[in-house]
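The chain below stands alone, shown as structure tokens; this is the form predicted on its own.
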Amino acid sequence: MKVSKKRAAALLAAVCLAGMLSACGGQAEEPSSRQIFAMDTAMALTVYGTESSAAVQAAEEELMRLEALLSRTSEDSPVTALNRAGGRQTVVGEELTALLDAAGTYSRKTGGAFDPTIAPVVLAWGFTTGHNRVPDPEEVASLLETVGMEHVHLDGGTAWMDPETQMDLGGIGKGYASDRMAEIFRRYEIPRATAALGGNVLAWGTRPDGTPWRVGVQDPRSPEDSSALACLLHLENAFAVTSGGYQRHFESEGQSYHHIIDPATGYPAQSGLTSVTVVADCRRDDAAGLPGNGTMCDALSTALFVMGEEKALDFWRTSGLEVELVLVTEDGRVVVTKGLAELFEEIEESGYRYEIVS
């Protein structure tokens, strides 16, 4: 299917706007909505149902709790305590231990393409401070010696890292937050909702008229224009997480550098991709309090961007993980895996070439 840019912008707005007719009886469902800034990201919640107000309040409180739990800059967070421990065993609690364990699992599954211990290298490039620079190769090589989940050790509710290793869960934290949003919607028996947590979208249930939520994949060539889309996805009961080099970047001596660092080199990944979107089912009844598919999608979106098209598709075919992908390439293609073949729309006049792969 094809849709014009103008119509796509209107459809994308449907992800967060209310007032559509419900599928039963033709009456409008009035949602509860909330705009939140947490985890260094603008977030939007739109929740339907008789318990929508309570669910939105619980969701906001949970996002604030997670910011305090996962922040590496907060003085009181357990992540900060772990980073400052200098190799000493630190009590971080069972929840954070489970998330660290999940991070290690996805790091191993992706051959290290996802690695939250890359934090010192990202800091050297200035992406976490806003003071961007190109570090010397010797500095990068030295910092890479401290990178790797093999430097992280877990035991019950405690953790410790080899000296100089640092942890930053920013590459997986919003995915975990979307897992927690799904658990709240489940607990309050919410029939339909959306949670947009930066590049992490949770499409819960369907729209009030019974059709899937419409989720736009940003055109990496026009990051400042929210109406510029590479394609449109029709999703229900799904997570969709996008990572792209267009989100944060700087230029130095005529060359552009983006924030997704390849843990193997310590430099921005040169993978031939401009964005990766990972889609997975959000219905997981056993995920209460544990990392689920939202966490997985967040980790994989970064890792597959680092891998590049060929390796990302090989991973999709062989990993055994139930995910689907949208890969936007530097040479102007949108590559969609076959599980999304009936769930996406091309954007008319986008200039992209669209491919379905199996």
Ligand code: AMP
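All residue numbers refer to positions in the sequence shown, first residue = 1. Since this is a predicted model, take the numbers as computed values, not measurements.
A second form of this protein, the form predicted together with ligand AMP, is not displayed here; the remarks below concern that form.
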query	finding
Output flag, Asp219, Val279 and Thr337 jointly within 4.5 Å of ligand AMP in the predicted bound form, heavy atom basis	no
Contact of Val47 with ligand AMP in the predicted bound form (heavy atom, 4.5 Å)	no
4.5 Å heavy atom contact, Phe114 to ligand AMP in the predicted bound form	yes
Exercise: His153 in contact with ligand AMP in the predicted bound form, heavy atom 4.5 Å	no
Partner proximity in the predicted bound form: Leu197 to ligand AMP, non-hydrogen atom cutoff 4.5 Å	no
Option touching ligand AMP, based on a heavy atom within 4.5 Å in the predicted bound form, out of Arg214, His259, Lys109, Arg186	His259
Contact residue in the predicted bound form, chosen from Gly171, Gly266, Pro78, Pro208 - any heavy atom within 4.5 Å of ligand AMP	Gly171
Which of 61-69, 310-318, 296-304, 324-332 sits within 4.5 Å of ligand AMP in the predicted bound form, heavy atom basis	296-304
Contacts with ligand AMP in the predicted bound form, stretch 227-248 (heavy atom within 4.5 Å)	Ser243, Gln247
